[in-house]
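Shown next as structure tokens: one chain only, the form predicted alone.
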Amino acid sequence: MSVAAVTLAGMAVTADEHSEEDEHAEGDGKPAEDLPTLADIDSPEWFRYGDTMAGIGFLTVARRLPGLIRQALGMAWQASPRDTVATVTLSLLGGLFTAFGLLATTGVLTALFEEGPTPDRVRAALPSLLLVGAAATIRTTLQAGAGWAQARLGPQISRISEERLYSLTSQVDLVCFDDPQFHDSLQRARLRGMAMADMVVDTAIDTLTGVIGIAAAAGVLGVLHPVLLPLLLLAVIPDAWAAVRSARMGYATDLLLIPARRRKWIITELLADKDTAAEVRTFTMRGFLMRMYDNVARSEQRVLLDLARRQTYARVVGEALGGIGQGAVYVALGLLLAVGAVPLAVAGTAVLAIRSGQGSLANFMYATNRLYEQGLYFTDFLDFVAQAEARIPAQRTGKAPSGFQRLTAEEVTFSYPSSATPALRGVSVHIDRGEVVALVGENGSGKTTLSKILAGLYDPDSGRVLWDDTDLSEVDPHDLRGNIAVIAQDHTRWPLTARHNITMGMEKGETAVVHAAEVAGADQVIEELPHGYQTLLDRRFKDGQELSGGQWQRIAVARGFYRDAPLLICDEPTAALDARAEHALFDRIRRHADGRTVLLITHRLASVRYADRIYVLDHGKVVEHGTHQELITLDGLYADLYNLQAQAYRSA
């Protein structure tokens, strides 16, 4: 039965095969006859070149080798020129001493095969034997040195590749992360491409080492007698065929099993994950999930057992053919000896050289196949690096203003990548210093997008944003962001101490930290932590603590207050808070503002009644603006939304 047939058969297996076990299983009490199949699961990004690898031949792989080796050595040179030179040079010298040792063996055999008393022959062989020993010692030392230099390259390459990737991801425009193509390219580079950097270098060096070993064996045979060179191919081709055949079988099976293994991984996560543990027990899902796991695991087991059988068959055939090849080699050597074409000592050395060449060729074939596959993923990394470098914004020389009397957006238009509809269309707003201005509207109206443009996180497609007379498109955005504080609904729960979750790398002294926490109401949260401000807020680490959503919200608010910037942007800052905490927070924001400017984005319209001005957005346009009372009198969209929320409270 083929691998595909076995796999498909495994997908169709139901719990009926295990009815005895199912009688006592937890769950719905009946066989799981509708267990999900696996055929509709796509291969993950980390195996995206499986089809490519399964369909190519060795010659295709070999043709791309020079380019891959050149790329790998270029990365190695960037990491450490010294270790790169040491690795390649010592590997070459190791190959030379391998050849020298084989040639010196001829002298040993010649002396031993001479006529005369054995002690005399041994004494005659001693000089050559010392050369063989010296060559072996030097070769071993050189190979150890090459291995050490190669091992040193790995960590250095990993470091520079990671630094290169994350340096770029933190510099590109924020809007890149809203571009599906950029995001997919980043995921491919992170998931496997970056990890392949040091592996590509290692495998490229292994490939070179294999080539050097083959060249050493071939060189020895060529020196001994030109007719011995074809015998090398005759001896190694069967083993090489068996190795490639077995590797291809394994690769094709891995490709075929990807859906099953993904499904099995998903099931095991459901069985062992903290987030699902309660529901697994609440809905008595254990029996159902275990039957599903057993269904997939048994089908995978059948495929792997079939693979073991076929690989064993390939190896047996390869070894049988290799035995025939070896026999042919010995026959050919016997004929050469019979006709006097080569001496007995040369024939003995030829056997050793052929054995050495077999080992080097096997290593070369394996490394070559791996290098090609790794090179495909490594190219993803290089392609992303080139793409990201092209999307780093140009350096701006304008000095960022430290504050403003009026912040103005004039006819701002903005579209997200790959979106046919603009998120903002000709939006104009202004915010005077010390005002509390609110942006309201339904989901998707453009509120958060506009706030990010005002914060300098996005550049508008058209229109401009001014701090007084300074156009933000001309100033350094990094400097500008130092004058803006943001309290976001989707704030990050940093795996840092409570103190660092507030300071975010900015040091203004302990008094400022405590004050920001008190203003935000986070001081009560921190008082309950075992180590106060030094408590690590992540349970994945020793002595780490976890906070509730509302507690995290207070930490995020303290983070915004600590920055003490002239512009404070609050994007749904009370989403995780109860009514009492929400009222207290808005009261704190009003008191903390005191001369600062606040841009408030919220769906809870009761919170914006006291804003100096309210802008109502709908489908990327400002459709209304004014005070709360003016908008209620206008009886437009704002009044509809406000009355809907008010009615819900009155009905309750």
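The first residue of the shown sequence is 1; numbering continues from there. Since the model is a prediction, treat every value here as computed from it, not as a measurement.
Just so it is clear, the following notes concern the form predicted together with a small molecule, a form of the same protein that is not shown.
Proximity of Gln395 to the small molecule in the predicted complex falls outside the 4.5 Å heavy atom cutoff. Among residues of the shown chain, Asn363 is not one whose heavy atoms approach the small molecule to within 4.5 Å in the predicted complex. Though the partner is left out of this view, Gly446 does reach within 4.5 Å of the small molecule in the predicted complex, counting heavy atoms only. The small molecule is not shown here, but in the predicted complex it comes within 4.5 Å of a heavy atom of Gln489. Of the candidate stretches 498-506, 163-171, 374-382, 447-455, only 447-455 has residues with heavy atoms within 4.5 Å of the small molecule in the predicted complex.
With the partner omitted here, the residue from Asp178, Glu474, Asp184, Glu410 that has a non-hydrogen atom within 4.5 angstroms of the small molecule in the predicted complex is Asp178.
Though the small molecule is absent from this view, in the predicted complex it lies within 4.5 Å of a heavy atom of just one residue from Phe283, Trp77, Tyr416, Trp148, which is Tyr416.
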